[in-house]
Structures are given as structure tokens and as C-alpha cells.
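We begin with a single chain expressed as C-alpha cells, specifically the form predicted alone.
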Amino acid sequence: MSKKGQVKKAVLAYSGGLDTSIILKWLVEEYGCEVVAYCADLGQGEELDHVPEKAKKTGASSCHIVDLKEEFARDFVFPMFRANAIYEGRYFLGTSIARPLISKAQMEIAAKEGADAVSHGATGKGNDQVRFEISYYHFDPAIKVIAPWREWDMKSRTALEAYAKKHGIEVPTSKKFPWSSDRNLLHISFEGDILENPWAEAPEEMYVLTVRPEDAPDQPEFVDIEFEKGDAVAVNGERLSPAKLMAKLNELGGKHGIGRVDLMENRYVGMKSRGVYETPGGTILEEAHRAVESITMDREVMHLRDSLVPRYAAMIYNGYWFAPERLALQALIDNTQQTVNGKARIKLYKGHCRVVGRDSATDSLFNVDFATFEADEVYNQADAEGFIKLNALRLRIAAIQRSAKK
């Protein structure tokens, strides 16, 4: 059933790939509306080549490519990394953290263009539909959202390719690389095709950002990363903007095969899915951040923050970046980072990165006079006896009770 006349102008989150190319044409045909294509530049590189040309050829009235790299790194990736947020202990949230920013910029364009609708290419099975639409409604509770995968009768890639052929749409289809991918400054993800078999190893030709660890240099490389209030600000003594710093760490990590993860994750909509991820820079950044925290953060503050991280990570994964509970947690997390100033030295070698040094000239809580195994004049070891007996008191009382019952 035609929906023509319901929408006058729609802003489509557009990549130039198979799904969004067909969605663009479908919106024009089905809704009879003007379609403005919008693409967020989050560090995809050459993937954005010829996107405006493709969009206009497919029927878009105009195409906006918005450079969001610095905003992405500074206002989305870095705040998340202050929390060491990793979903289910494995996933660095590279796709999840990009969606609220993509949505934010899309809604800004919709406002400027006077559009009465927005659209995206997320399927009805995935997490992205939730992430996009919760963010849309945060900015405009009355916005019309068009999610073609929940409306049309095309249910497979084969059906999409047939639609493209029928309407003369040029789309990138490859039998050699049939899996889907999503790329930005933080990561690249892969899903579908052979990865739907959880026992099958991901093919080596899938990887883009990282070399095979076995083929990485035979000599380790050391990198020093400096932090101010929990944010990385310099690599090997060179101060860099957030986006440039992420790009630099991606280059270093990729060269040494760092950041490959193959996992089964629990989607918000209820199913399990397999994803393969490359996050070279993020893996190094998280290791370095924890190292500086380890020497500058109070124990109980760290433990409290860490107890909240799984919930914070789930908020991002499930699409609640703009929700008040995430903002409240962010305020607490940012408060814990005021003393996280210092630097970490990370050793990169054949797929592994590990801390080999950490230091803070201003906020170190490590005091060798107390911690040394050598003789000292500041710590009375005999004091530990009372400390132990007081902490063991409840266990001693329980033991007495057990003995009395025998």
C-alpha cells in the first residue's frame, strides 16, 4: 500500500551501500517524498568516496557529509573510556557509541532542512534500530521515523539485489566479501555470512585494520601514552587531538596485530549474535588508562566505579546514551577521573599489548616507603595483627557457635 503524501521530506542516514541505496529509492517510490541523504564521517576513509554522487544518482535531492571525527573521539569515545566500559567483558562498543552521534547530527540536519521525517537502514532484528530511534525521540519526540526493514516485504539480501536490478541501482555486491561491516575511528565490525556459523573461524581476508599476529614484527614496540583527567592527550611525547590520537594508536596497534576479538554477544532485542571486531587503538587506550588509574585512583573509589561499569556499558549498548541515568553515572565517573593524570608505557608484540610502566608526577598514590620489602621506618608490621583479628572477628564468633553445637 502506497504511503505517498504522508511525508514531505525525509533525512536518510545513508552510507552508499546496498541497504541504504535501496532505501533511498524505496522512500522516493513509496512515500513520494523528497529525500535528503546524510552521511556521518567517523573515520571510514575511502568508504566515503563518491557517496554524494551515488546518492543524487539514486534520487536524493542533496547529500550532506558531516565531519564528526573530532566530536566522536572527544565527546563520545573518550567519556566512555573514562569508565573502561566494555560490554560483557569483551566488546569495546565501537558501533554502539557511534549511533547516538550519528542520530544527533541527523536530527540537526532534519531541523535545518525542515524535514518532517528521518529514516535509517537498521533491521528489525538488531540493536541499531533501538539506538537510532531512542536518540531521535530525545531530540524531537514528535519526529516521524521510517524504518523500511520493518515495513517492506523484502526479507533478504537476494530480494534487495533483485530490487536494485529492477530499478537500475548500482550497489556494491561482492561474493568474495559478502559479510557486512561497520567502520569508524574506534573499530571495524563484521557480521553475517560465514560468521553465522559460530564454529567457523573468521577468514583472514576479512580483517582490515590489523595484520595477522603471526606476521607482526618480530621485535616489540613500546609506546608511551599520557593522560590528563582520564583522557589521553599525547603519544610518545607528541600532543594530539582526540581523533588524531585514536588514528595514531590504530596505526600502531594494527601493525602489531592488536585488537582482534571474536565473540557471541547478547543483543538487546533478545537473540545472541556473533560479531568479529578489530579495535587496535581502543585496546591500547584501555590498557594504558587502567595503568594510570592503578597508580592514581583511590581503592574504594575505583571499586565503586568498577561495580557500576557493567550497567554503564549496557546503557551504551542498548542505546541510552542521552538518558538521565547515563548522564548521572557519567558525572560520577568524571569525578573519579580528576586525579587520573600521568603516563603509561605499553609493550606491543604479536597481538598482545601489556603495561610495562606507569607514572604520575602529580597524583601518584604509590609510596615506596610504605610498600617496600626492604627496611622502613613508617610502617609497624605488628599493627597488622590487630587489623587481622578485627576483620576475622565474625568468622571467629561463627566458629565458636559451631563448636558449641557439637
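Heads up: residue numbers just count along the shown sequence, starting at 1. Remember, it's a predicted structure, so these values are computed and weren't measured experimentally.
Keep in mind that the form predicted in complex with another copy of the chain is not shown, yet the notes after this line are about it.
Student: Looking at another copy of the chain in the model of the complex, do all three of P100, A105 and N236 come within 4.5 Å of it through at least one heavy atom?
Tutor: So, no: the whole triplet misses another copy of the chain.
Student: Taking another copy of the chain as it sits in the model of the complex, is S156 in contact with it (heavy atom to heavy atom, 4.5 Å or less)?
Tutor: Contact with another copy of the chain, no.
Student: Does any part of E70 reach within 4.5 Å of another copy of the chain in the model of the complex? Heavy atoms only, please.
Tutor: Because no heavy atom of E70 falls inside 4.5 Å of another copy of the chain in the model of the complex, the answer is no.
Student: Does any heavy atom of S61 come within 4.5 Å of a heavy atom of another copy of the chain in the model of the complex?
Tutor: Flag for S61 set to no.
Student: Test of understanding: in the model of the complex, would V35 fall inside 4.5 Å of another copy of the chain by heavy atoms?
Tutor: Flag for V35 set to no.
Student: Find the only residue in G89, G168, P178, G114 having a heavy atom within 4.5 Å of another copy of the chain in the model of the complex.
Tutor: Exactly one listed residue reaches within 4.5 Å, namely G89.
Student: If contact means a heavy atom within 4.5 Å, which one of 238-246, 182-190, 201-209, 73-81 is the stretch that engages another copy of the chain in the model of the complex?
Tutor: Contact-bearing stretch, as computed: 201-209.
Student: In sequence order, which positions of 35-69 have a non-hydrogen atom within 4.5 Å of another copy of the chain in the model of the complex?
Tutor: Sequence-ordered list is empty.
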